[in-house]
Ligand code: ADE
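First comes one chain, alone, set out as structure tokens in the form predicted alone.
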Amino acid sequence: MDPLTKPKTQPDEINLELTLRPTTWEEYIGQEKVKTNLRLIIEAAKGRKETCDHILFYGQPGLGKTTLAYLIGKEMGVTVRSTSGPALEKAGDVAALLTNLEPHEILFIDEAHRINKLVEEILYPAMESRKLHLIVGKGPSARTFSLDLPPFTIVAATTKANMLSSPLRSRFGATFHLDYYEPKDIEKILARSARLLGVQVTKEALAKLAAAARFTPRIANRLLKRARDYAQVYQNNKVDEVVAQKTLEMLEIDELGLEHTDRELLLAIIKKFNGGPVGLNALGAALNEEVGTIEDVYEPFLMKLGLLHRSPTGRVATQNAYEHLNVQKKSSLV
């Protein structure tokens, strides 16, 4: 079974996620500071009859970066055209996208940290002065010419802002960090999703699912869908606390939202490396897991819970981790 942190999304799952995606500011729960600033930028741009500044969103997966991009498009009354960093391999790819944009349209680039560096060179003048500089031919016969672009906005999203080059980052007029959600906001999101899915859910079940959702709306919605499946198969009329608990047990998720791999990671630090500090490469080898996955997927959540500490010499399991896993801490030898 794929962990909820790294699921293989099926086509029907994508359609369902689109159904649950908020379509108005009122439906978009949480990230209040980001929404306030965005609405100010949008209203000012509309008042001047201009396009929005280029906007960059960064944060963990599933926090609503894509949803915000489409909300901006809806508020501005323009179409949002979507692509991703890995899809922009050649200068021609960017040129084709930009020259086909209608005035004031939005180009949404997901996984912006994976844009080819040569492609970035094309984006700089396009974002700054709406000019597209292209080179035709090679060698002595090569010619450079420029195309004027219509007013447009680039909205980019990334989970790794540190991997964006400084020149590209500096060309965004506004940059917003999306943080983990509060449990009370996750409960509101689950209640809205349950209404859209036509599922009866008790308050106790909402609280239990929200507590295990890793502070992330996407994961919360997937837990709700699995609870709905459990209730349907076992002929329950609604998702109550018992159904929520059975669903979490089936998925091997504990009350804090830790999955099997999270617990294995902490146990490896505690039992194999005496609580740490341990280097990331050694930890990856012990778990047979990619270093990047540990650093980007598991660590942020464990650190948010205070179960893991990242020190200059390596990763350390905290006292909270020992207590949660019910493991006795070894006394230091004097």
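Worth saying up front: this structure is predicted, and the values here are computed from it rather than measured. Residue numbers here begin at 1 and follow the sequence given.
In what follows, reference is made to the form predicted together with this ligand, a form of this protein that is not presented.
Enquirer: For the three residues 38, 73 and 176, verify that every one has a non-hydrogen atom within 4.5 Å of this ligand in the model of the complex; reply yes or no.
Expert: No, the candidate spot makes no contact with this ligand.
Enquirer: Want to guess which of 45-53, 297-305, 26-34, 278-286 is within 4.5 Å of this ligand in the model of the complex, heavy atoms only?
Expert: Within 4.5 Å of the partner lies stretch 26-34.
Enquirer: Considering non-hydrogen atoms and a 4.5 Å limit, which listed residue (164, 123, 154, 189) is close to this ligand in the model of the complex?
Expert: Selected option: 189.
Enquirer: How about residue 22: is it within 4.5 Å of this ligand in the model of the complex, going by heavy atoms?
Expert: Yes, residue 22 lies within 4.5 Å of this ligand in the model of the complex.
Enquirer: So in the model of the complex, is this ligand close enough to residue 215 to count as touching (4.5 Å, heavy atoms)?
Expert: Outside the cut-off, so no.
Enquirer: Residue 158 near this ligand in the model of the complex, any heavy atom under 4.5 Å?
Expert: Output for residue 158 is no: heavy atoms all beyond 4.5 Å of this ligand.
Enquirer: Residue 181 near this ligand in the model of the complex, any heavy atom under 4.5 Å?
Expert: Within the cut-off, so yes.
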